[in-house]
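Below you will find one chain, with nothing else, as structure tokens; this is the form predicted on its own, and questions on how it binds or moves follow later.
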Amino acid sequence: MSDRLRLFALKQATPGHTGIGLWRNPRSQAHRYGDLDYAIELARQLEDGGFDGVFFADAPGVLDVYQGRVDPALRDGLGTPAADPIPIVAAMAAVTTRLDLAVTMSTSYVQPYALARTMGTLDRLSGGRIGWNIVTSALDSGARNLGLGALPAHDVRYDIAEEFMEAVYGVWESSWDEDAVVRDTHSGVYVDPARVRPVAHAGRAFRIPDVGPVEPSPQRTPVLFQAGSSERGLRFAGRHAEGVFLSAHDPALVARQVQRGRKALTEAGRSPTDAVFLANATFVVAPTDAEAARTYREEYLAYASHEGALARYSALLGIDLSQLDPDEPLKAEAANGGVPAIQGIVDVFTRLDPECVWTPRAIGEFVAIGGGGPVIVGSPGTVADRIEEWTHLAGVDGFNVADPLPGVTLTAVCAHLIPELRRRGLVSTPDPGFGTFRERLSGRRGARLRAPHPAAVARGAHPMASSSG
């Protein structure tokens, strides 16, 4: 595993994401979230500026838990409107050569056969630069609008996700031999039928009786990410994830998450270094500390929408925070009672930090900018010092860098912070010989997953489907 820091830009194709209300700032480019020219500009900026990749969060459905209606979310452009990130990622791949691209898709909303086809296509188009953030989803509105009724309970969703992974590995790893595509003009055979076999998955939730729809892409299985922090989510990550997204405001809290994650890897029979851990963070950087503080105060805090933040977290927690006393501490028990909320977020705000008193008002103020990770403000030297401190104390391998003020935040990171990190030897341009996302992320040669990962096991069940990668 390489010791250099990985830096990913954290985006969502919606006006309000990690900077709720900041779309009102005259310098904000948040309104361009679905524009082709913006996607192209951003991709080139990130690659030229030294980012390793970009990660697109996504959550189909409307945020309608707060006040029992969607109006507060609509006012701040939270989740609605939202663009499909898949075409955006394809456009970004077309204008870059090294930038890695991860996108969120839900095992609750998509069939494994269809997801395998989409991701296999993207991986081929990009030359092996695609990652998948695996989520089980937590918005009942998404299930409702996709014709599924209500979402299953939290642990049931993970049971379904486990079967989903078994099915999708069958498509990517075992259905097609590496040399199935022969393109023999003399015999008139494009694909040798003897080298392709049915997936033959017949489970409780999914059925794939026939052959997979895509030939092997450079990575076969895209790089796998996961962000669940519940006990069930951790077990899932330990079994499948190559990258784990973390979010907490204090390095000691993140350190605990990293320790739990590495333990989960070990318990799944993998090495504790088989996944990288990336913490969510926001960097507000300017040439001097004073200028950065002024920018944060006048261009970020002055525009933040606390009500919008509560609308977002009400949906994620499954709790209508408008019904609670704004100054009464939030209790984890409020998320129980059968509501399939994201339990890890409740943990962050109530269980993991007994020193803090988290009220709805405090949560709204805290998460309006940055989404729950640290907001580090200062000159390049000051922010780099904090990054080094975080890396040492939390044991993370890199950061998901939030973009609360599109057009400003990441531009400053590229112009001011990354050169300082490079000067300190904390980041570097990856070896060009590492041609795929998986190789760059892991620091190891080989585009394909290795045993004992279950994807490699699925491929190994059919020796002809193996590769030198």
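Note that residue numbering follows the sequence shown and begins at 1. Only a predicted model underlies this, so the values are computations on that prediction, with no experimental measurement involved.
Below, we turn to the form predicted together with a small molecule, even though it does not appear here.
query: Counting only heavy atoms and a 4.5 Å cut-off, does the small molecule in the predicted complex sit next to every one of 154, 228 and 280?
result: Answer is yes for this spot.
field: The single option of 132, 176, 245, 300 touching the small molecule in the predicted complex, heavy atom within 4.5 Å
entry: Checking each option against the small molecule in the predicted complex, the one that comes within 4.5 Å is 245.
task: Scan 398, 72, 364, 233 and let me know which has any heavy atom within 4.5 Å of the small molecule in the predicted complex.
output: The residue from 398, 72, 364, 233 that makes the contact is 233.
message: Only one of 245-253, 290-298, 160-168, 87-95 has heavy atoms within 4.5 Å of the small molecule in the predicted complex; I'd like to know which.
response: Residues of 245-253 come within 4.5 Å of the partner.
message: Is residue 379 part of the interface with the small molecule in the predicted complex - any heavy atom within 4.5 Å?
response: The answer is no: residue 379 has no heavy atom within 4.5 Å of the small molecule.
task: Give a yes/no on whether residue 59 approaches the small molecule to within 4.5 Å in the predicted complex, heavy atoms considered.
output: Yes, contact at 4.5 Å.
query: Looking in the predicted complex, any heavy atom of residue 322 within 4.5 Å of the small molecule?
result: Contact check for residue 322: no, nothing within 4.5 Å of the small molecule in the predicted complex.
Close approach of residue 111 to the small molecule in the predicted complex, 4.5 Å, heavy atom: Output for residue 111 is no: heavy atoms all beyond 4.5 Å of the small molecule.
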